[in-house]
Structure formats: C-alpha cells, structure tokens
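To begin, one chain is listed below as structure tokens, in the form predicted alone.
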C-alpha cells in the first residue's frame, strides 16, 4: 500500500472510456486545490488516457501503483501547476 494519504477515492475499473475520465474529473472537481484523489483503474486505455487528461487539466500525477493484476492506483494532486 501507498504511504500517500488521499482525500478522496474513486474506482473506475467497472466503466469504459470516455466515462473513466468523466468520473475521475467529477471526483477531482469536488476537492480543494492541493488535495489528493486516489483513482483505481484498469491498465491499457484508462491508464494511458486518464492521467494524461488530468495533467492537461492542470493537475499533477503524484504516483502510479501497479497491483500486478491489471489494475492500478493513480494518485493525483488537484491544481498543482
């Protein structure tokens, strides 16, 4: 497990792109600047697209954890640019 303390958590392993980004975007918009969102997602398209899209929106990907089973946890800091 990560030592990073998230302020909020969203699991998007059960949804497909582009809804994965929509769910992550809605979750991060509920946070204050500087807070951390923990996102559980599948590898492949979500892992390629969601962190990049959040970075494009002005957020910072702090850490990516590979669970070794096709799922990942991505920690994103809101508005760190």
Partner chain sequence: MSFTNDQLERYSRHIILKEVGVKGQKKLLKSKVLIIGTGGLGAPAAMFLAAAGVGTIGLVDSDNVELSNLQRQIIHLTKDVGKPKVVSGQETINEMNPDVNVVTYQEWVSSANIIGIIKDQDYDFIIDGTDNFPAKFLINDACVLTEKPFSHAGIIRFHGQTMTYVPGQGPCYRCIFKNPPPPDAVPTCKQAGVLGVMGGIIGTIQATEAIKYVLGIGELLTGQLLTYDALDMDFRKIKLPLVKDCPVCGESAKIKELIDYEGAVCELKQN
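Quick caveat: nothing in here was measured; it's all calculated off a predicted structure. Residue numbers count along the first chain shown, from 1.
We do not show the form predicted together with its partner chain, though everything after this point is about it.
Within 4.5 Å of some heavy atom of its partner chain in the predicted complex lies at least one heavy atom of residue 18.
Its partner chain in the predicted complex is not approached by residue 32, whose heavy atoms all lie more than 4.5 angstroms from it. Interface residue remark: residue 57 is counted as part of the site for its partner chain in the predicted complex, having a heavy atom within 4.5 Å. Contacts with its partner chain in the predicted complex, taken as any heavy atom within 4.5 Å, map within 20 to 49 to 21, 22, 23, 25, 26, 29.
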